[in-house]
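Read the single chain below, which is given as structure tokens and is the form predicted on its own.
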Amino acid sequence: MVLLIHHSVSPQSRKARLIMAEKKMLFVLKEEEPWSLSQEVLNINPAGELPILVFDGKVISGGYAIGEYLEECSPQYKLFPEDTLERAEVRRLMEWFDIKFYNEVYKYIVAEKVIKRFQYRQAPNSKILKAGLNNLNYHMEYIEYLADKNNYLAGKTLTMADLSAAAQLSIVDYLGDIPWNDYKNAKLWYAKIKSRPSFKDILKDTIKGITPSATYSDLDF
């Protein structure tokens, strides 16, 4: 059995789900709130982070490790190119979204609007949100540039870079904070990604007490 311990507000959890769906793997989800992890989860992963993959009794923790493990376990559906330099570019963009976007956008917008609400029962700080939205525009300009230059973010075919970006963006999009009409190429790229079969369950995700944006699940937004 393949079990993913996850939460829909965790971008690395969404990314792991997208990877497994692209690789046509069957898996079971178990939801854990990242702001209130059970002792069982902390025993499995003392870092206290999601996602956690249990694959035939083996435990793999952390988004990066899970992605690499799944790529090696299911080589018939490749999410990394064959060329060495092209693989390096995919990993560079993965780092951009998994780390840079996460620290400059997710932590300012999603953490304020969602995690702060449930973990601390506090309202978001408007100054922090404004800074996050400014950072978001910078990142959207870069996605716009990449989407204009390539068919997908790292080249001609779908790669792990696209899934890294889409996992992060999808949560911000749920909250309605992405001005898609200002970024035509980025919008076309994201429409292509969220129209893939692997994305259909992501678009069914809900965050308790928070209504998704009007276009979140709209493939023709």
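Just so we're clear, the structure is a prediction, and the values are computed from it rather than from any experiment. Heads up: residue numbers just count along the shown sequence, starting at 1.
The same protein has a further form, the form predicted in complex with a further copy of the same chain, not shown here; the description that follows concerns it.
Contact with a further copy of the same chain in the predicted complex, defined as a heavy atom within 4.5 Å, holds for exactly one of N134, N103, Q122, N151, namely N103. Only one of L175, V41, I60, L158 lies close to a further copy of the same chain in the predicted complex, with a heavy atom inside 4.5 Å, and it is I60.
Proximity of K187, G209 and D218 to a further copy of the same chain in the predicted complex is absent: no residue of the three has a non-hydrogen atom within 4.5 angstroms. Heavy atoms of E141 never reach within 4.5 Å of a further copy of the same chain in the predicted complex, leaving it off the interface. Heavy atoms of Y183 never reach within 4.5 Å of a further copy of the same chain in the predicted complex, leaving it off the interface. Contact between E31 and a further copy of the same chain in the predicted complex is not found at the 4.5 Å heavy atom cutoff. Under a 4.5 angstroms non-hydrogen atom cutoff, a further copy of the same chain in the predicted complex has T84 among its neighbouring residues. Between 190 to 198, 63 to 71, 165 to 173, 23 to 31, the stretch whose residues reach within 4.5 angstroms of a further copy of the same chain in the predicted complex through a non-hydrogen atom is 63 to 71. Within 4.5 angstroms of a further copy of the same chain in the predicted complex, the stretch 89 to 125 places a non-hydrogen atom from each of R91, R92, M94, E95, W96, I99, K100, N103, K107, taken in sequence order.
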